[in-house]
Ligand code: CAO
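Only one chain is given next, in structure tokens, and it is the form predicted on its own.
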């Protein structure tokens, strides 16, 4: 008994209007459970949508370039029937005398228009057809896919096409400048054979490093950022934290961390200075009424930023427990996409490592980020004598288009007051 099933876009976190860059099936194709149906590509990641049932594709409900969100119907699959034999193309028939080769995964050729089939070489800025891996490879090399001449079937760009284009661009610096520089009129990245100077080891960047690197480079270039430094006296707060943790040793309660106190104090500062909890959207400033706090987590594969949602509604013990759990998942690589989305303000703490001050890069589209280093005992003059005080270095980077120096300094001063006397958080 056959059954018609409509497969929809699953939960993809807070992403919406995500473009379809690949369609792997067409009506009549047989699909197995978990076969890739389409590929979606946001500005942060690329993901395949798998088949939730096995059967034969009856109808494809989307086309290349469509922007879709969670719940959008993709295809209709008829399950419970035997898949029809695949129709062979003339080219396939000609190869029957040769040794058998593995059948490649179906591609999105059926979605191309007749014009695209006839003219595979597209003008700059035109619509291109390439797999996620080829697109990622092109991004690594700074190649503009609209300028690459495709050699694959139905105008599809292959990895070899990108390599050939880059080699050609490097031999013509003037022509390559615009595409490599992203409109900034920069010279191409220097190509050096390091092995000429000594022994080397080539180690590929992790996927996280590639994605975060692209975002950080964009943020560094596009945001006019200024970093403001301040020292917070946390002598009493640290003594209180140690005392509470000692009292709760036998209860199994989550240990309080300085990060949990920082998150709670930052929320109070964001509430007092709402501009820091905003984003630029063209000529508008979007002030957010929610407080989702991102925190940088160091993992074996690179930096990740989990997000504590609605942190203003949570107590310090709850925040400490949740940050610990999210950091563990980040290290183990089990974070869900939704766990890293929606931050309105980010804290990057290097307190467990060391350092004095640093200038963190703003995580766009946020307008500020707080950097924290390791606390240290310093002699502080109290009017009569120097007293040993535990100070915590804070580095606040702010988008100067939205936040000027005076406002950033006021935010820093208020935050240090909260950390110096945490009772102010309750006011």
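As the structure is a prediction and not an experimental result, all values here were calculated from the model. Residue numbers count along the first chain shown, from 1.
The same protein also exists as the form predicted in complex with this ligand; that form is not shown, yet it is the one meant from here on.
Trainee: Open or blocked, can you tell me? Superimpose the site C-alphas, put this ligand where it sits in the predicted bound form, and call it blocked only if 3 or more of its atoms are within 2.4 Å of a backbone or C-beta atom.
Mentor: With this ligand superposed from its pose in the predicted bound form, the site reads as open.
Trainee: Would you check, heavy atoms only and a 4.5 Å threshold, whether residue 241 touches this ligand in the predicted bound form?
Mentor: Flag for residue 241 set to yes.
Trainee: I'd like to know whether residue 375 contacts this ligand in the predicted bound form, with contact meaning heavy atoms within 4.5 angstroms.
Mentor: Yes, residue 375 is a contact residue.
Trainee: Find out whether any non-hydrogen atom of residue 276 is located within 4.5 angstroms of this ligand in the predicted bound form, and reply yes or no.
Mentor: Result no; residue 276 lies far from this ligand in the predicted bound form.
Trainee: Quick one: is residue 40 in contact with this ligand in the predicted bound form, heavy atoms, 4.5 Å cut-off?
Mentor: No - in the predicted bound form, heavy atoms of residue 40 and this ligand never come within 4.5 Å of each other.
Trainee: In the predicted bound form, does each of 259, 327 and 352 have a heavy atom within 4.5 Å of this ligand?
Mentor: Answer is yes for this spot.
Trainee: Only one of 31, 362, 392, 68 comes within 4.5 Å of this ligand in the predicted bound form by heavy atoms, so just point that one out.
Mentor: Of 31, 362, 392, 68, the residue with a heavy atom within 4.5 Å of this ligand in the predicted bound form is 392.
Trainee: Among 288, 159, 255, 309, which has any heavy atom within 4.5 Å of this ligand in the predicted bound form?
Mentor: It is 255.
Trainee: Specify the contacting stretch among 225-233, 295-303, 192-200, 267-275, defined as having any heavy atom within 4.5 Å of this ligand in the predicted bound form.
Mentor: So the stretch in question is 295-303.
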